[in-house]
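Below sits a lone chain in structure tokens, taken as the form predicted alone.
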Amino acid sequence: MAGGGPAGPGAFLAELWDEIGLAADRLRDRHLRLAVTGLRRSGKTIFITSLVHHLLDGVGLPFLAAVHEGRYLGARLRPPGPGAAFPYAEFHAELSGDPPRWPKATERLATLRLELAFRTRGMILARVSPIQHLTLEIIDYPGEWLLDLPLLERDFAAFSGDALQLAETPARRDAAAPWRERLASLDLAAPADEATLAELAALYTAYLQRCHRELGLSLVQPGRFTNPGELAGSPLLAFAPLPDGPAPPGSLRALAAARYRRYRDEVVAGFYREHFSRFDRQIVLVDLLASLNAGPAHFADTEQALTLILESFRYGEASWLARLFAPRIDKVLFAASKADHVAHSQHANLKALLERLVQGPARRPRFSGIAVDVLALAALRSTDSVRTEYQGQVLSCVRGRLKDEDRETVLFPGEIPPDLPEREDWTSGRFRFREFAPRRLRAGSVEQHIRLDQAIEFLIGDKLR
């Protein structure tokens, strides 16, 4: 229950009535669930906070048709329903403070509901009910949890085989060494106890955390091993991948396989059933700049992680009945986040590179006949594009305050390749994109983002008519 207190009959009835109202809204196409998808540090929390900030009054959204046509009336936050509420006020205060601060990464699942009001442009509906409302529901969650969704289609042997193969790649081999060495010392078919399995789980978790936090790799499974949320310390996380072989009852293999099945069937399936299987629209945020900085192995790792994640979503056009009982995603937007960290002249290349990177993952949604688009955006703009002269050449640069520095500076951030980088690109040291501190999120300002309004128009604009 919301608020975490005891739930009496009144609270139960209030939640039941709320759910009935949402079902009625979905039946009338007045409720939309938006999946804000992405891996860690891709900008999901900033995107949601800035989206709500701008939709509350409709300022600074010229490419949102309802705003451009003067039909948008504003928005208001609504109770999120059961579960934790997205801490919009806290995040907004951090971004609008003096000095502003980037909010901390999401540690647990939270929901947000925003009620939008607008004047319809339909001739018949305008006579009956000229002012319409749309409930936009957004769920924020740690990006790592997305990586658990593909486990729904994998048994313990397949999960273990994938994990062991990844651990042998050059980028991961050293980090995996302690876990692999302990594995080699054990008879996995012999009788085992919880202490041995807990030790292996701790070594495997340490390996995943090093891959994620020190090496900057995206593909870590299970994702809750690096960000457990409410499962911190739970025995459900006490397992690790093991080489294939005999698994007699009571053996380490049998114990680990049983624990994995519980985790997959209780935690992952429940998470998917309660949230991800019910989305209508989706935006996939990708931090290409961090992937380029980290090198070819990390870039390929990001591509593989995105492919696995998108396999877990339901795509296809939804009828009015399907929207109520079996929703499917009918629009997907791929967005290169942090576009303000490079000069405006590089945005076309940033978009082109993302189009190339997600060509495979986007194939399935397109095949389902749904709308797919790609753009480069910055949900909160931290820099300005400026032109400077250097050794007789005019360079496109950015001006902003670098992370952990006190004053703004002008720098040439580098160039984005329009296609997948060639071998010489990785060896020339050309990718050195810097991180910037946030600028204050201010009320009434019209230049605080890059293409956020275009993203909103694509994702929900058709519902504001």
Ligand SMILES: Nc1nc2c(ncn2[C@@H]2O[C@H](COP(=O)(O)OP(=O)(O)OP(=O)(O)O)[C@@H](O)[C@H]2O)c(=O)[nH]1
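Throughout, we count residues from 1 along the sequence that is shown. Small disclaimer: the values here were computed from a predicted structure and weren't measured.
Note that the form predicted in complex with the ligand isn't included here; everything after this is about it.
S.K.: In terms of non-hydrogen atoms within 4.5 angstroms, which of the given stretches 162 to 170, 182 to 190, 240 to 248, 336 to 344 touches the ligand in the model of the complex?
M.R.: Careful reading of the contacts points to 336 to 344.
S.K.: Contact check in the model of the complex: L32, F279 and L310 versus the ligand, with a cutoff of 4.5 Å between any heavy atoms. Do all three pass?
M.R.: Not one of the three qualifies.
S.K.: Using heavy atoms only and a 4.5 Å cut-off, determine which of Q132, S291, Q221, S382 is in contact with the ligand in the model of the complex.
M.R.: Among Q132, S291, Q221, S382, a heavy atom within 4.5 Å of the ligand in the model of the complex occurs only for S382.
S.K.: The ligand isn't shown here, but in the model of the complex which of A105, A177, A348, V394 has a heavy atom within 4.5 Å of it?
M.R.: Contact with the ligand in the model of the complex is made by A105 alone.
S.K.: Considering only heavy atoms, tell me if L39 and the ligand come within 4.5 Å of each other in the model of the complex.
M.R.: The answer is yes: L39 has a heavy atom within 4.5 Å of the ligand.
S.K.: Would H68 show up as a contact with the ligand in the model of the complex if we use heavy atoms at 4.5 Å?
M.R.: Because no heavy atom of H68 falls inside 4.5 Å of the ligand in the model of the complex, the answer is no.
S.K.: Please run the contact check for K44 against the ligand in the model of the complex: heavy atoms, 4.5 angstroms, yes or no?
M.R.: Yes.
S.K.: E435: heavy atom within 4.5 Å of the ligand in the model of the complex?
M.R.: E435: yes, in contact with the ligand in the model of the complex.
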